[in-house]
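Given as structure tokens, the chain that follows is alone and in the form predicted alone.
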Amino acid sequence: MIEFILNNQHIKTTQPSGSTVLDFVRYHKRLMGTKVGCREGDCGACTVLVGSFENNKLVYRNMTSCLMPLTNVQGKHIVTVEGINQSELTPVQQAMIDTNGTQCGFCTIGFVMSLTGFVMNETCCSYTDAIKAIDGNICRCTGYKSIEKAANILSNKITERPTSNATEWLVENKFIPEYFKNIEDRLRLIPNPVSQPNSSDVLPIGGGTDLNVQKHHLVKKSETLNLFDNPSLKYITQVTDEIKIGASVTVAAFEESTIIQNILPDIKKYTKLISSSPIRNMATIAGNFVNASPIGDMTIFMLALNAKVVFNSGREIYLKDLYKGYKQLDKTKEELIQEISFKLPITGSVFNFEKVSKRTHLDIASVNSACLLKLNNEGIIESAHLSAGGVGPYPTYLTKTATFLTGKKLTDDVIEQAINIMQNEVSPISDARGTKEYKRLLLRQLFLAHIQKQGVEVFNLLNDISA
């Protein structure tokens, strides 16, 4: 039995735990405002708001219901567009009309829900925040300028919103209906998390953002093991010189952690390149690892931090040793990742993440790469870690290149030698994201971008693309 609140209705259902929230709200509850679009989390037409407790506070996030397994809504508040509708248009809906932000209307509901999530987020108030909130919504016909104008209107409207306990103000100003006032009390009466199946023949699932794309029919008919809401897997802590991360920590939680922000000041710049806000709100870091995509952004990110993974069996290995071939892992079927850890970067180290894709945002990489280097006062590399994606059958830790760089001074000659070694470590193929020659060129240029981040002048090398 799965129990949650859908808009203002208390729900108890025995529908399959692996079925999607999208299918439940449309086909079982006939709430047709939530649209069926890509079923891959790309278009945002199925966007809903999900209210759940984070650090004992009710927080609403926009998520793609087409990828969300029903098991993940236990004890939560799911809000579709029908759940914000009132006797008159909300300020979000009115702003979309006033700026001519809708044409065919198919995508409009997703934009409305994401912008409603923006006005409900007490930590967000700027126009930049409003634009970030809709980075997972695609419009096919209207054009984004009119929608951006609506976002600007809303960012101005919420300047007087309280910075805490804003529900009363949001209700008074018609952003959300009055029933939101007692949702928190109602949710606290629902058991959470969902009880886990006893059978060993279950499908473990986190956010579902990869598994529900690749194996939708398998997930739908399977009994699931809900990892997403397992409290023992959702933490980020620092223990002396080591960072420990629970396997079900989402990309959004990773980005928002003050611990991570102190270590990686540019973290928000990097995560902006990874998918979209609704996906980052759902996608778990460990899920990205075990998906084993050759271009998994968080995998490439963590490889450069020389991360380790700890399985529930107690076995511990470096992330770079997890991959044995295309979609082949050094992991038994019974083993689940329990924890991810990495050492604090040496003081003075510089981390950088780069990604090239057809679209700047909401796209998968043609090639991505991350680098962690520590140079001493003489410009000698004391420590080097380097990773690359899209240039082999699995996420690649560039061992030979990193070993060569260690102890070297970053001269033009050393950089070119490192590039030659790197090119021999990778084996890209031509596909829809580019030819193998193009990917080799991209990797070269991304490596030079890493070096430039160190403050080393590489202008001539960047422009000499014939090398």
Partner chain sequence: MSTKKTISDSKDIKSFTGPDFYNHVAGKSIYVDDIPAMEGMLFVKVFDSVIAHGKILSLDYTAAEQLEGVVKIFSAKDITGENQIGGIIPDEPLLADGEVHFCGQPVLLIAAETEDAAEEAYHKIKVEYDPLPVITNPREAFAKGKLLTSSRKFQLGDTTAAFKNCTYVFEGTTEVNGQEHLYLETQGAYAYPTEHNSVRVYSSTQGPTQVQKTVARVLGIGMNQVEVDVARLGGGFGGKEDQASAYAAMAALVAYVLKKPAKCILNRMEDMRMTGKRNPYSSDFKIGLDKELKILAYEVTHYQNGGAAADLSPAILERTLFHSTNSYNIPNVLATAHSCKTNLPPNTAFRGFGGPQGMYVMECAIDYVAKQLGVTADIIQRKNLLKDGDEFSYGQIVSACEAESCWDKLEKEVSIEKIKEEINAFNKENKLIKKGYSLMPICFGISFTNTMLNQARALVHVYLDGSIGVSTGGVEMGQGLNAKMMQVAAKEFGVSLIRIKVESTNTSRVVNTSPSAASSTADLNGKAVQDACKQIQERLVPFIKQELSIGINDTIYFVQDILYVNGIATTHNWKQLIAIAYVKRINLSAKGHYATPVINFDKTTEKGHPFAYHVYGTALTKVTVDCLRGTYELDTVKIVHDAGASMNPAVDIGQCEGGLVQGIGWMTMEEVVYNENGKLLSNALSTYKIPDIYSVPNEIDIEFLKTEKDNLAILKSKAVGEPPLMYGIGAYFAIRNAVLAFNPNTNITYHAPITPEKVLMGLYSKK
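Computed from a predicted model, the values in this text were never measured in an experiment. Numbering follows the first chain given and starts at 1.
Keep in mind that the form predicted together with the partner chain is not shown, yet the notes after this line are about it.
- This chain is displayed without the partner chain, yet in the predicted bound form the stretch 137 to 145 from 384 to 392, 254 to 262, 137 to 145, 71 to 79 comes within 4.5 Å of it by heavy atoms.
- In terms of contact with the partner chain in the predicted bound form, the residue from Tyr318, Phe106, Phe311, Tyr179 that brings a heavy atom within 4.5 Å is Phe106.
- A heavy atom within 4.5 Å of the partner chain in the predicted bound form is found for exactly one of Thr167, Asn121, Thr102, Asn226: Thr102.
- At least one heavy atom of Leu446 is located within 4.5 Å of the partner chain in the predicted bound form.
- Taking the partner from elsewhere, Thr284 is found to have every heavy atom lying beyond 4.5 Å of the partner chain in the predicted bound form.
- Put simply, Asp363 is close to the partner chain in the predicted bound form: some heavy atom of it is within 4.5 Å.
- Interface membership of Glu416, defined by any non-hydrogen atom within 4.5 Å of the partner chain in the predicted bound form, is ruled out.
- In the predicted bound form, the partner chain lies within 4.5 angstroms of at least one heavy atom of each of the following residues of 20 to 50: Arg26, Tyr27, Arg30, Met32, Gly33, Lys35, Val36, Gly37, Cys38, Glu40, Asp42, Cys43, Ala45, in sequence order.
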